[in-house]
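Have a look below at one chain only, the form predicted on its own, in structure tokens format.
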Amino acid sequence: MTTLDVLAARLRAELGADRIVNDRQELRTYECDGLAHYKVVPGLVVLPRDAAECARTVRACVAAGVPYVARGSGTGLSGGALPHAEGVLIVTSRMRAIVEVAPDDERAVVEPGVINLHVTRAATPHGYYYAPDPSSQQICSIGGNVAENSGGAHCLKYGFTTNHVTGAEVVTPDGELIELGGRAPDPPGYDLLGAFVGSEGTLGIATRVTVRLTRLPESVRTLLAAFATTDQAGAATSAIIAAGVVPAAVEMMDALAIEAAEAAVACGYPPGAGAVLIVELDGPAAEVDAQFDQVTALCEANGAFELRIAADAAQRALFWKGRKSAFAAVGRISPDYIVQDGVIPRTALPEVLHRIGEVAREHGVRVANVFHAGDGNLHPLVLFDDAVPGEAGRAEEVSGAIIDLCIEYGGSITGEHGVGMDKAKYMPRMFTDDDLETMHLLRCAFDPDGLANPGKVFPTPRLCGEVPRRHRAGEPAAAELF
């Protein structure tokens, strides 16, 4: 019997047969996350129902020296939950209890498999909601959001997941169950919770999360502005922020993204638009009304040829339907595509978009642009046909060139999708060797055996305890020592 066979038998005896998946065809269900470009069939899948079972699974993996990867709903777009062929995939989707909604404390306590939008549904009767809203909020889980520090359209005003998590129960990489943070807003000591959120499963697995609830605003107003060009829409965005207005969201889509959305969900955006902005304001009614007048005037001053104001919640939902469906919608106009995620300074939007267009034309591929314009978080969708020889390679080159542009303009290789497997190779372009070694020291403090989600985030595997230094030609790197 192999090590995995022995481990599977042990976990089946301890947890029950219904927690274990080792049939080859069933395992293929878990071969990738939302980034289907990378696929690995896991050696074994375990589906714990509570924190104790999750901790026992990790301890069993550590005892056997078997690597493991945590997975939530599998909607991630960086390959962060890509399985290990000789390892265990720990799927938390069965841990989906909303343990408590505490409006008096403005908190909710949930298990990691709880769907993002379900937190808001549970809190709404009490006058609250959960602010982070990824486009996949109807299917993505809180555990995955914590691992990737997910954002969403409204992170411009309200921040990312890390701004809304005050505590977490965590299974450490050696299988111990610990508490980080709690209900209090700012516990003393080192910010271990801050280090954990966004660590992509390399520092442990969240088994219970305490999240901050936000009071439902008195007023919400949403505007859809159509422009002839993305330059005009970008100028309007900068003008809005420069005026001191901080909308809940400012989202932009270019002509190709609009075409895809129309084909997929018939959102009815203004015909002939080269770009649309969705601007949403929320807060006290008097403040929202005053700022809305400012936003309208600034859009018109920067060339908007049509303005639509949502008359009710149904029309607001229709405005957002096109934007929220954008990633999946491009499947209507292209058989294959790569979803990219990078950040640039907001003021660089027009120039960077022009350069993305130039790169795309040089390589003979199309790029649809959908992004959080308010904070410069780009989501270019590189379209290609894998059946055409060489086209996938050209699309990869364009995707990489976009990341290089983000770095060149002082931005980041990721805004909210995480590094995972997909962007690990770009880390040395953004960080020095010393930077990466320092990050790795933190990882080793949590996971000295390197079993928790190996091969992610860092460009090459490193051994904990290895003296940080450059390798000379001919010397074995850490990857060759495993």
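Throughout, we count residues from 1 along the sequence that is shown. Since the structure is predicted, the reported quantities are computational estimates derived from the model, not experimental observations.
Absent from the display: the form predicted in complex with a small molecule. The rest refers to it.
- Annotated contact segment (heavy atom within 4.5 Å of the small molecule in the predicted complex): 149 to 157, selected among 360 to 368, 271 to 279, 231 to 239, 149 to 157.
- Proximity of Glu416 to the small molecule in the predicted complex falls within the 4.5 Å heavy atom cutoff.
- Shown alone here, His164 lies farther than 4.5 Å from the small molecule in the predicted complex, counting heavy atoms only.
- Residue contact check for Gly322: none of its heavy atoms lie within 4.5 Å of the small molecule in the predicted complex.
- In the predicted complex, no heavy atom of Val58 sits within 4.5 Å of the small molecule.
- Think of it this way: in the predicted complex, the small molecule has a heavy atom of just one of Gly342, Gly204, Gly87, Gly374 within 4.5 Å, and the residue is Gly204.
- Out of the listed residues Ser73, Thr222, Thr210, Ser399, Ser73 is the one that sits within 4.5 Å of the small molecule in the predicted complex by at least one heavy atom.
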